[in-house]
Structure formats: C-alpha cells, structure tokens
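Below sits a lone chain in structure tokens, taken as the form predicted alone.
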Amino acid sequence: MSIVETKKLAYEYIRRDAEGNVEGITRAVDDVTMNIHQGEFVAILGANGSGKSTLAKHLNAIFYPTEGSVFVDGKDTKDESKLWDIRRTAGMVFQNPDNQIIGQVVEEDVGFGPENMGVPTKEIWERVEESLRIIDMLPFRKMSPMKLSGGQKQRVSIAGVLAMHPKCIILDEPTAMLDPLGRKEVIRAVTALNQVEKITIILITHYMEEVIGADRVIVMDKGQIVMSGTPKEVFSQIELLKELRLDVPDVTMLAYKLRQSGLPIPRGILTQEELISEIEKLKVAK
C-alpha cells in the first residue's frame, strides 16, 4: 500500500515585481509521478535546483500542487479538512535543527507536538520517553537543547516528530549543517527507525554515503525524476550521475577507477567490504 503518492505533480514559483505584476515563472517540479510504500526507505537525490526540496515540501502539505495531486495515506493534500491528519501521518524534519527546536528542555520540546494534538498528559510523557529512547537521547531529557551538539539537536528534532506517532518521516537535508560525526548519528537513528520501528523514511540529501542503506534511490534533475532504482542500480551509472552533477560514494568511485584500469571489478560497489571481497576473489583466481 502506498503511504505517499504523487500524480503528475507540478509546482511553479511565481516571481512578481513591487506592484504585483508577474515577472517570471519557474517550474520547480515538473510532471512527477511516484509511489512510496509503507515501510520503505527512499532517498531522493539531486543537484542544487533539481526540485528535490520543493518535492519534499509537498509530501506533508507545506506546498500545494500547481498541477496534479499528492496523496498521503490516501488523503489528498489539497483537502484542507485533512491537513492535520496528513501532517500527523507524514512528519517533517528540516535542515537546521535550531529552527525546529522551541523548548527550553529536551523533554518539553519533544512533547510539544503531542500536546498540540490534544494527547492526554500521561500519554505525552510516555511518548516523550519512548521517542527519546528510540533515538538514544533519553539521558539528555533534562538538558537544554542549546547545550547539545548539532547531531544531538537533530536527533531531538526527529524525536519530536516521532512522538506524534507518524507513519512516515520526511527529512529534508537533515545533515547538511552537521559535521561528519553528527551526520553518522542522524543517519544511524533514521535507519533504526526504518528497520526496527518500520517507519517509512523519505530522505532528501546530497551526501551519497547516506543513501547506501536505502531500499530505493530517486534522482531528480530540472524538476523531473530521471533515475530510480536500488542504490546498486543507480550508482552503477557513474557517467550519467556525473552528467547530473552528482558524486558517488568514495568506494564506488575507487571501484570504477580500478575497473577502468582493467580489473574485472563489478559495477555498483557500495561498501569497503564489497570491494575488498571482490579484490580477494581476483587474488584467488590468479
């Protein structure tokens, strides 16, 4: 069953002058049709200006389609009466955690969403504890968010969404402002939510290493979906990814260069372990 579905989705940014006259129109998303199933981990890639973040903002009704439709758990995002149901179903985590954290204490921040939903007080604190435990932040529940690292803050943001019991979490470049350690913390937490809690994950990112564990990778360019497949299928097409101004994981590039030098290394190597295994096979074959 689809948790998120788009049908011929298009979105236009309209630029106006000081008098309100239209100066230009940019079609940021152009005829996008896709289905994301409950429990999937889907990564969406694309260079700057590809439309991936604009697409993400449609998936919990921050933006409304110029053309076409978006359905979240079967509900049309253009139906205003379903807005809060949609946003409870598909929670959003943004790039800068400081823009999403509003509480003075971690546990208060995590409980803010359920409180606004009218969840009874006893259940709010149960949800807070559950969410912080899941993302491994329970020891920090009494701390000020301002004393946390960037990665810890982003995990608190995720816990705040998680406390609303969503079926799907959309993360719009959640590690863009973090250091390498913070990025690993966040991706590890997101992967656990998908694998253990069975929450659908939609990850928008430009860090290629973050998508290796995804079930499916969607690549966008000029507002359209231009590639879709497993990480191995997508990263097997290095020449096309280069044309789209995208990198590949370092180990994938190394395997590509070894293959270019004449070694029979298969396409789509994603991890060091895979590459080492293939090199060991070559040694045995000799």
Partner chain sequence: MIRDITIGQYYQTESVIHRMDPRFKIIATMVFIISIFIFTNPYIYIVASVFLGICIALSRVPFKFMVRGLKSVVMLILLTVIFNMFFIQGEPLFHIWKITISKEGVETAAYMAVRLIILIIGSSIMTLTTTPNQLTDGLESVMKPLKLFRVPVHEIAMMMSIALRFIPILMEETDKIIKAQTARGASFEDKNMIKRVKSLVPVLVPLFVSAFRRASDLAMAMEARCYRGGDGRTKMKPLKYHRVDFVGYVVIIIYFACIIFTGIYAHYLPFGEGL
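Positions refer to the first chain, counted from 1. What you see is a predicted model; the values in this text were computed from it and never measured.
Unshown form predicted in complex with its partner chain; subsequent notes refer to it.
By the 4.5 Å heavy atom rule, the three marked residues 87, 109 and 119 all count as contacting its partner chain in the predicted complex. Looking at residue 71, you'd find every heavy atom of it more than 4.5 angstroms from its partner chain in the predicted complex.
Using a 4.5 Å cutoff between non-hydrogen atoms, residue 226 does not count as a contact of its partner chain in the predicted complex. In the predicted complex, its partner chain lies farther than 4.5 Å from every heavy atom of residue 211. Interface residue remark: residue 130 is not counted as part of the site for its partner chain in the predicted complex, having no heavy atom within 4.5 Å. Taking 199, 190, 101, 137 one by one, only a single residue has any non-hydrogen atom within 4.5 Å of its partner chain in the predicted complex, and it is 101. Residues 146, 160, 164 of 144-180 are found to place at least one heavy atom within 4.5 Å of its partner chain in the predicted complex.
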